[in-house]
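The chain below stands alone and is given as structure tokens, in the form predicted on its own.
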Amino acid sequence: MYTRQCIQAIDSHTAGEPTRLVTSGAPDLGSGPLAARLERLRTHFDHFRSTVVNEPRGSDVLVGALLCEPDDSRCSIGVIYFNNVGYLGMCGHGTIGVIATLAYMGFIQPGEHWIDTPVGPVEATLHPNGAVTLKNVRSYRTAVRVPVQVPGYGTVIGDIAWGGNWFFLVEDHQEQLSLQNTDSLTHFTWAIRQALESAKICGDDGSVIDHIELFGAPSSPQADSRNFVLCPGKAYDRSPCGTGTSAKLACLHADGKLQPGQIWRQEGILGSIFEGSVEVRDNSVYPSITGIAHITAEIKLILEPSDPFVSGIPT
């Protein structure tokens, strides 16, 4: 005899990038700051992360979102984000997907909503047309034109910036930013990621730079730039990447190329677009990202103890 367990979730995609919001069946992580609860999830319940997002129930590109009670009194909800290999401090497309999903569930109405995350509270506005504007955490650049020797490619130069996750942003490259070229783009950006680690090039406090972002000319006249973003688990972001766009906006502002309130339209590898802008408060940059998410499924994940891959296939 054995007992089946179930995890309830709702799937969405934001500009092509999927999010799976877990609504029930998660482990009890207790209370306290979201960063501390993330560590409890990582230390004691990492099988839950793998169960939700890894094959055979998920895929490398899927981002999971766990709904939690907030710790910050300003917030009505808390969220912990994770993917096929670990955990994310923030997730821009995921937050847009979470807000759209909560609206679909009837939990929220158009207006402003505060969300607690492991890297601090963020504000999101649900617009009457279904679009969501995320006011992200403080974003900034820590290093300009950093060279790294990448085996097979030579010297690659990029900026290091924080937008809720750590990014290495490269504009000077020879790659074609097209959907048909994703294999080559993935190989190139993964080589950069490995080279950064080998050279011990890090973000603040020795943090791993686990997102690589390439930029180029847009394919749409409606956009200012086109990007390709490699995520930590070696899957590329189908959307223009919310935290990546935030990091880019911080760099643009630092270079004097983006004024507060000025709109920047960032195109992703699929051609979908996020609109971004920055606000400056106390000499710090706070990006806003606007996008639209669509609900794709209401699902029940079945966990059978006899299943050899009940906790997912490790990546």
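From 1 onward, residues are counted along the sequence shown. The model shown is predicted, which means the values in this text are computed figures rather than measured ones.
Keep in mind the form predicted together with pyrrole-2-carboxylate (PYC) is missing from the figure; the text below concerns it.
Residue-level contacts in the predicted bound form: of 212, 196, 100, 88, one residue has a heavy atom within 4.5 Å of pyrrole-2-carboxylate (PYC), and it is 88. Proximity to pyrrole-2-carboxylate (PYC) in the predicted bound form, taken as a non-hydrogen atom within 4.5 angstroms, holds for one residue of 160, 231, 132, 79, which is 231. You can rule out all but one of 240 to 248, 146 to 154, 68 to 76, 105 to 113: in the predicted bound form, only 240 to 248 has residues with a heavy atom within 4.5 Å of pyrrole-2-carboxylate (PYC). In the predicted bound form, at least one heavy atom of residue 165 sits within 4.5 Å of a heavy atom of pyrrole-2-carboxylate (PYC).
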